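Take a look at this single chain, the form predicted alone, given in structure tokens.
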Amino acid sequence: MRIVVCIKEVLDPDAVNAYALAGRLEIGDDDKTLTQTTIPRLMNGFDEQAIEAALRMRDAGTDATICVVSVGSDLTVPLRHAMALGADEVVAIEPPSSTGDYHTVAALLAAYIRSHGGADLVLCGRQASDDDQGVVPALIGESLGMPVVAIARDVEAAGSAEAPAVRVTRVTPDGDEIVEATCPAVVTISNELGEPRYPTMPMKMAARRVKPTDVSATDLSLDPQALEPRVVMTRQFVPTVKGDCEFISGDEPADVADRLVRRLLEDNIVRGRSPR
């Protein structure tokens, strides 16, 4: 089974949140890009769990080759991490410009999969931590004519060698849902999968010697129109973070509770009779 895992490099969300809460997150004069250069870049967390899902399938006995592919200009950090985790191959696709949107990314990923050996299973994170849109997997599935199973917490091989399939446990508001899909298929992985494994030091050292396979947009023979962005960012801004917290004190816990209830009634947050 050939498993292709699509990943994205993002700014460390914890660092971004820390800068924002401290009031130090700044947008440049172009109203689009951050001025901070010290925020580390890393692999999107959901995508790391997609790699973990592929590794677990291989650990369970599935004869699988795992290829990790990403779109970007400098992908050393995430792709090296993917190799350290246990990927068999890593691929970096150079985009035609920096103005592409998720349609551009999906077109490049789908074209690579189509022209470089195909895939029995495409795994993606459920969404990216920077924009939280989660539409690229669906667009890949549409482009390749594959069924898409979203928000999975477990993926297992099913079917037979002649008719491969996957059994997917989905997370829904009403509980888990188990579905089967014939391969090839696209599956998005959620954080309910659990913590991904941590690479060992020998694997980290070995990953430093591996160079990704570089692919350019021109190598994929795509129609330039397919790479034109359909959504263009016009402005990005940091919302004002405002905290307004009031502490209610009292001599006894019952006094604090009475004062809290009175305040909620006065502010019309709850309705009822005032405590005695």
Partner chain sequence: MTDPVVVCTWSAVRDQPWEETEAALTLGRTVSGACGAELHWLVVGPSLDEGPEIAGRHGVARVDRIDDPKLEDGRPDAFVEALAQYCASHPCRLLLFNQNFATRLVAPRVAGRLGVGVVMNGTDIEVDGDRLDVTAAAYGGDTRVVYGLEGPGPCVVALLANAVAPEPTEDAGTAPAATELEVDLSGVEERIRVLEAAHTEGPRLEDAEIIVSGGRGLGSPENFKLIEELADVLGGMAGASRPLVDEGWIDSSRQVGLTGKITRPALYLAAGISGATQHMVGCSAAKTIVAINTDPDAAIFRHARYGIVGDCTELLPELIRAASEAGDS
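We call the rigid core whatever largest set of C-alpha positions still superposes within 1.5 Å between the two forms. None of the values given here were measured: they were computed from a predicted structure. Positions refer to the first chain, counted from 1.
The same protein has a further form, the form predicted in complex with its partner chain, not shown here; the description that follows concerns it.
Contact check for Ala60: every heavy atom lies farther than 4.5 Å from its partner chain in the predicted complex. In the predicted complex, Glu246 approaches its partner chain with a heavy atom inside 4.5 Å. The closest heavy atom approach of Asn191 to its partner chain in the predicted complex falls within 4.5 Å. Its partner chain in the predicted complex is approached by Arg126, whose closest heavy atom lies within 4.5 angstroms of it. Among the residues Arg153, Lys204, Arg197, Arg114, the one placing a heavy atom within 4.5 Å of its partner chain in the predicted complex is Arg153.
Of the candidate stretches 72 to 80, 117 to 125, 165 to 173, 92 to 100, only 165 to 173 has residues whose heavy atoms lie within 4.5 Å of its partner chain in the predicted complex. Contacts between stretch 174 to 191 and its partner chain, counted in the predicted complex as any heavy atom lying within 4.5 Å, involve Asp174, Gly175, Asp176, Glu177, Ile178, Val179, Glu180, Ala181, Thr182, Asn191, listed in sequence order. Relative to the superposed core, Leu265 shifts its CA atom by 2 Å or more between this form and the one not shown. Once you line up the core between this form and the one not shown, the Cα of Val256 ends up 2 Å or more from where it was.
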